[in-house]
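Single chain ahead, written as structure tokens, the form predicted on its own.
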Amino acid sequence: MNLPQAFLQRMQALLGEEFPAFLACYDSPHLRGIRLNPLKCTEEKLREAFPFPLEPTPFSPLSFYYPAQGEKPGALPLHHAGAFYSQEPSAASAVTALAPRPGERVLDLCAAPGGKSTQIAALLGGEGLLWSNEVVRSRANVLLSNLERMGVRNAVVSSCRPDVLCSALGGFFDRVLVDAPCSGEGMFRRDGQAVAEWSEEHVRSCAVRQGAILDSAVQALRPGGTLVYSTCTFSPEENEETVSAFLSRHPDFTLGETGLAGGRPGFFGLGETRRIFPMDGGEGHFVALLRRQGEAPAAAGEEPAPASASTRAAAREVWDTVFRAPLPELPLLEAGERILLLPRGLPSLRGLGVLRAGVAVCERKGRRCEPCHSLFMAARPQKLRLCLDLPLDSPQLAAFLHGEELDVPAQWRGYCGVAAAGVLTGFGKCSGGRLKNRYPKGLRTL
């Protein structure tokens, strides 16, 4: 691999006698990993279904290595169903350090494409609130798609400047993750574009931007809360130096142990931080855990105004055609043509570039309402009135993901989930022995 000479000189100065081992890694393929999504799948099922052996990583109990050769996981039916997320192994380390617990409020401030947000959602287990933000709108749409695929029910997705968002949500979160935009040195083995864009000037400009994002993040965190800062770069300016500068600006924060087993202690007197190099079993990551002194509850949410009787009636009518159990007593919000089932305890969403909150239950189509894809992705097969559960090697499953109609029992009528080995991947509508496919066109296989 043709790496920038200035980068190599910097790494040699940083690593000393370990530099030859670091350089040798670039003669090997990059490490590949996936992360289990326990919201939709068990480890046992994933191991049985995955076509390659899985080996645990030291960065998260949900993360696994798989061999570099063979079919890409993104083509597998269980990937379409959201049973797992393809993720560079060491990237899981930041959320492991963040350690979100069910019932907490967590902000992922720089969240696209969604690897760390979906990991947070898995650890929250559907309880509490995840707010995932991405300032670039096109990337925020990818973030939303990934959260939907993984069946996340308790998230808000926004596209908002960090300073605006954090100012509006002052003291609202128990934990905040800043996985900051960086020079991407830890991506060099798998992304030639990151190599092409690298320069020492880029490193310095990233460090300035990272400091500003961290200063914004402080506003959103309650006293006693936890802030995790991470990058996928090796540069000290963006890692230890950024953390040291942050601590000097914010004396109410202290550096804590990350609790990570993988990698090695950070440099320059910040041994509590964690560095991961390619010779540590990951492409490259840096993680720092910062605790805010004091103790105070998170700021109160602002429950939305109760939905109108017609809105709740429309949602209930669709819900009852899909599920065996009644519509939960959660807030509803009509957003454009869609009706959303919201998490509890939301703050005001006004002016924060919110793309989606909670789960889209249904969409108005003239005088009628139809269920949304996200409703089925967040459901379990056993909760549905109708579900067609197909083996992973079934030609019918391949046809469904391609957008084709399927044969179903003649007596089936109405909306029907379609599952891949027990993991919901979409839905259709049954009539006359046929299932009309409602799998979104943008997700279909070629």
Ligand code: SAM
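Residues carry their position along the shown sequence, with the first being 1. Bear in mind that the values here come from a model prediction, so they are computed numbers and not experimental data.
Another form exists, predicted in complex with the named molecule; not displayed. Remarks below refer to it.
Judged by heavy atoms within 4.5 Å of the named molecule in the model of the complex, the contact stretch among the candidates 173-181, 188-196, 73-81, 237-245 is 173-181.
The named molecule is not drawn, but in the model of the complex it has a heavy atom within 4.5 Å of Val136. In the model of the complex, Arg105 stays away from the named molecule, with no heavy atom inside 4.5 Å. Taking the partner from the other structure, the named molecule in the model of the complex has a heavy atom within 4.5 Å of a heavy atom of Pro113. Interface residue remark: Pro162 is counted as part of the site for the named molecule in the model of the complex, having a heavy atom within 4.5 Å. Site annotation in the model of the complex: the residue of Arg209, Arg344, Arg291, Arg312 reaching within 4.5 Å of the named molecule with a heavy atom is Arg209. Comment: the named molecule is not present in this chain, but in the model of the complex one of Ile213, Leu169, Ala97, Ala360 has a heavy atom within 4.5 Å of it, namely Ile213.
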